[in-house]
Ligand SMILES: C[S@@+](CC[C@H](N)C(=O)[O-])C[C@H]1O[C@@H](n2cnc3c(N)ncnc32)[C@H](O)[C@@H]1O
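Below sits a lone chain in structure tokens, taken as the form predicted on its own.
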Amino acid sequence: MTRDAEPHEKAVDLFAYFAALSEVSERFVASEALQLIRGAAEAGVLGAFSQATTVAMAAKDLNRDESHLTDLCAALRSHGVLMSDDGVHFTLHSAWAMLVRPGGHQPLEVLMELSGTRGRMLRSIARGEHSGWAGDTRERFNYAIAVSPDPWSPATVAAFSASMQTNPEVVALLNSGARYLELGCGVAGNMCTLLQAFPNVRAVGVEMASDLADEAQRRAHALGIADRLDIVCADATTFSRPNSFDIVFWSQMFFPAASRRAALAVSLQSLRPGGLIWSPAFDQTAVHKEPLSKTACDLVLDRVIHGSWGVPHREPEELRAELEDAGFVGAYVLDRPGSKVVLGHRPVD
């Protein structure tokens, strides 16, 4: 970063300047604090305080300078990461303790990496330099890992199974040994979780990015489900196995406008007559309410990222209409805890 050598012609009102800085400084502090927390997590500091302990004891266990760790713990406490009832013993706040605990939806280090990845993406997008989903493969890989469920987590598998109970038709198909196709499967976190929750299902995942497809295949082998999961590295718009599947899952938030009609045509012809398509939808209700909640602010950032890939924004009802326009019948929006999905059927010939 460079500064102009010449002084500015017009002096800034410093009172107004510092008032403005005070108004926005919370954004800077939050960004800095997240980096501090991320470093503390990577160094094992958060884990050291999973149970109440003193800074001196933690410093000894971590082989850290006690005075430096004292300052770090004070900062973590000021940002709600650590708690102390007596000023001597510190422990993780219950929310952070939950995130540090193994077996959650995603490990904390993956969530931290996602935050960094999204931050770099958003900066690049704002500068007009973002090259889309096919751009930086490292960023794409990190993003794909973090936005899908952790299939090694028993709690995630159980939660996935429970969430599916909201639709008896889907559960009946899965329990009966449905043939399942996912278009845009990424690293297959969704499918690997589903196949563990429903052991009678056999699945095919289609992913055009070779690094993501390779990771999906590696996961299937590591989890012992490779005999029920076939990963195809191909463009989902040219995949062809007609009349072969009972359920298609379409990851529509990764499909740009130019590819959507062809992807839906593949979905339709891949299903057996009467077969089911299932696609997640972003519920943007919170975005239209003032003041914006934290959830709404996150959704607005999602729209920036997905829009940079050429993916059109679809409200649930708009996605339902898109499915019906592609030839699916009886499409409807299903509310699930924390999300909405749109379902439709291939007509029975």
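Note that residue numbering follows the sequence shown and begins at 1. Just so it is clear, the model here is predicted, and its values are computed rather than measured.
Separately, the form predicted together with the ligand exists; it is not shown, and the next lines address it.
Although the partner is absent here, A236 sits close enough that one of its heavy atoms falls within 4.5 Å of the ligand in the predicted bound form. M208 belongs to the set of residues with a heavy atom inside 4.5 Å of the ligand in the predicted bound form. At a distance threshold of 4.5 angstroms between non-hydrogen atoms, L212 is in contact with the ligand in the predicted bound form. None of the heavy atoms of P107 is located within 4.5 Å of the ligand in the predicted bound form. Across the options 119-127, 178-186, 266-274, 195-203, residues that bring heavy atoms within 4.5 Å of the ligand in the predicted bound form belong to 178-186. A heavy atom within 4.5 Å of the ligand in the predicted bound form is found for one listed residue only; from F254, F90, F245, W96, this is F254.
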